[in-house]
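What follows is a single chain, given as structure tokens, in the form predicted on its own.
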Amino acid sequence: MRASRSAQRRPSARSRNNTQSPGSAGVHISGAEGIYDDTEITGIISAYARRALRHPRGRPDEIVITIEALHRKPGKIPLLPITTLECNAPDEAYVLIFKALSDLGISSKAISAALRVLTAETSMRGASLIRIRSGRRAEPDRIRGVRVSGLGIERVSGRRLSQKLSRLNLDTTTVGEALVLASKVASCPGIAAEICISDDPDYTTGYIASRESGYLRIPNIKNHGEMYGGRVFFIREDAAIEKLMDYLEKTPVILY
């Protein structure tokens, strides 16, 4: 599901940016996807439409829901373990970010480059690719970025995850879907870590994720009402971009 608003409509006064990219058809409002059985499709369509119409970024002008059959059997990968770090303000968050990413072998140059992408006035549609030592960006299209697609979660695992998140007072669609996406990204050969700040003005918790550290939630990563955000994948210097993008965008996986 992709929901957008006409670029001509004026954004909210509290917006720091409008997430419009040059040459884009409009302002991104909401997006979601999953892998489902055919018996679930009708309910999912309704749920996605409600989600788009009630999003805090505003009411969209267009909602596009696409249904595609899978032509390859999904691989199975585990969910990352989840941890919430103690953080009370954005200044504290930046200290945590540098510490956590440095511990994963990512250079300060690459971390600074990522933060420039995440806090830019114009948000990307997808994720940026940044090399872990040089800090150079590597995505072929800096407007589109890289989209993570072809991911879902087993029913039993989904129920267990919901129960676990409920015990932590975190049982929301935002947290569950972010964990599923981050788990696929972390499983990708060539990716060392991910950092994400939601562009939702009402959601101020970001995360860092990797195979080594798991999924680290960072509360108060930005101030309430700020609409900037995005995601960056830190890739190894010798990562093959075409293979990496094929895995992230085209290879279906089911999380367990």
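In this text, all values refer to a predicted model and were calculated from it rather than measured experimentally. We number the residues from 1 along the sequence you see.
The protein also exists as the form predicted in complex with a small molecule; that form is not presented, and the subsequent description refers to it.
- Contact with the small molecule in the predicted complex, judged as any non-hydrogen atom within 4.5 angstroms, is confined among 156-164, 67-75, 126-134, 92-100 to 126-134.
- Exactly one listed residue, out of I191, C196, A52, V27, brings a non-hydrogen atom to within 4.5 Å of the small molecule in the predicted complex: C196.
- Taking a 4.5 Å heavy atom cutoff to the small molecule in the predicted complex, the contact residue among V180, I111, V146, A186 is V146.
- Put simply, C87 is far from the small molecule in the predicted complex: not one heavy atom of it is within 4.5 Å.
- The closest non-hydrogen atom of Y203 lies within 4.5 Å of the small molecule in the predicted complex.
- Contact check for L115: every heavy atom lies farther than 4.5 Å from the small molecule in the predicted complex.
- Interface residue remark: T172 is not counted as part of the site for the small molecule in the predicted complex, having no heavy atom within 4.5 Å.
- For the marked spot (E33, R217 and R231), a heavy atom within 4.5 Å of the small molecule in the predicted complex is present in each of the three residues.
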